[in-house]
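Listed next as C-alpha cells is one chain, alone, in the form predicted on its own.
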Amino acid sequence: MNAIVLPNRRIEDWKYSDLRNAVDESAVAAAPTAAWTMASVEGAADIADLPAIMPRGEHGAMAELAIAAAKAGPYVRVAKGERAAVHLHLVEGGHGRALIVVEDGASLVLRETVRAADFANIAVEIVIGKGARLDHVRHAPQHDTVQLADYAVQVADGGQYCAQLMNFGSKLARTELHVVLEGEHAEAVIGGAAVLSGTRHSDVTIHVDHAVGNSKSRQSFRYVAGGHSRAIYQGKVTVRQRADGSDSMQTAKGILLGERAEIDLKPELEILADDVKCAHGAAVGDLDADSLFYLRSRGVPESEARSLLIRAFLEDAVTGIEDEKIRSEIWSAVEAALPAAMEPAP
C-alpha cells in the first residue's frame, strides 16, 4: 500500500476531527479486513459476500482507502417488491466494504451494530430503487478506539432513505453520509443522537445532494455532551441547477452538561436553483432555566429535574425509529449512557 496521508484539522471537512493525531499511519496501513456477522431477521433477503463489481457512489478520502484495502464484506439484496429485515454486526475492526441493494418497490429494515474494539474504517454502498424504502438504524456504543464509517447512498424516483444514527462516542468516531436524491419524489430523512461522557468524540458529517427537483430531505440531531467530550454535526445540502421544487430542512440542537464539554454544529446550504424551500437551524446551550425552575417549584429535586429534561430532549430523536424492539433497545442504551454524561468533569 502506498504511503497514507491521514485527514487532519487543516482540511475544512475534518477541522473538528483530527484523525492524524488520533491514530498512527502505520496502524491504518496494517489494518486487516473487517469482519461481520450477518443475519436475516425476517422476510426475503439475499445475504452473501460482495460481488466482484460494486456500484460506486460519492465517498470521502478514508472510504476510498477502505474500498482499496478491504478484501471482503457483506452484500445484502432485497428483490423487487419484497420486504425484509437484516442485522449486520461488525465484530472485528479493520478496513471493510459492504453493499446494500433495495430493488424497485422493495423495503428493508437494516439494523447495524458495532462491537469491534480495534481501529475500523468502513465504506458502505447503498442503492435504493424506484419506490423502494430503507430504514437504517446504526448503533455505535462507547469505544476507546478510532471508528470510521462512510455511506454512499443513491435514491431513485420515489425512493426513501430513513436513517437514525445513534452514537455514544469513541476516541474518535466519525460517520459520513453522502446521499444523492437522483429521482423526483426521492426522500431522505436522517436523524439521530449522541450521548457523550469522559473524553469521547462523535462526528456526524452529512452531504445531501438534491440532484433533481421535487425531492425532499430532513435532518434532525440531538446531542448531549458531558465531561471533556466533543460532539460534531456538519450537515450540507446542495440543490443543483434546475432542481426546482426541492424541499430541505436541517435542525441540530445540543445540551452542554459541563464547562469543558464541546458541541460544534455546522449546517450549510448550497442552492443553485430558484424555486426551492430550504432552511436550517442550530442551537447549543444548557437546560432551559424556566423549565428547570418549573419542575423544582413543584418539589422535584434538581438532579431528577435535570434528568427528566434531558430525557425529554433526547426522546424526540429516538421516537423516529419505527421498529418498536430496536427503539426500546436504543432507548435502554441512552438510559445507560446518561449517568456518566451527567457527572461533573474532574
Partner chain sequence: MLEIKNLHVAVGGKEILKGLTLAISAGEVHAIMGPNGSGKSTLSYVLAGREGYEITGGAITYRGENLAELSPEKRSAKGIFLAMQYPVEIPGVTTLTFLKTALNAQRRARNEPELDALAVLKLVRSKAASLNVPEEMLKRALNFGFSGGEKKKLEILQMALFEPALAILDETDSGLDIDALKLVADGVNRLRSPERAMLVITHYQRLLNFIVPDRVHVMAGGRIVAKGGKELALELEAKGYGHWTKDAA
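For clarity, every value in this text was computed on a predicted model and none was experimentally measured. Residue numbers count along the first chain shown, from 1.
Beyond what is shown, the protein has a form predicted together with its partner chain; the following relates to that form.
When its partner chain is considered in the predicted bound form, S291 lines it closely, a heavy atom lying within 4.5 Å. When its partner chain is considered in the predicted bound form, A48 lies well away from it, no heavy atom lying within 4.5 Å. Though the partner is left out of this view, C278 does not reach within 4.5 Å of its partner chain in the predicted bound form, counting heavy atoms only.
Taking the partner from the other structure, its partner chain in the predicted bound form has no heavy atom within 4.5 Å of any heavy atom of A61. With the partner left out here, its partner chain still marks one of 39-47, 311-319, 278-286, 26-34 in the predicted bound form; by a 4.5 Å heavy atom cut-off that stretch is 311-319.
Contacts between 61-94 and its partner chain, taken as any heavy atom within 4.5 Å in the predicted bound form, involve no residue at all.
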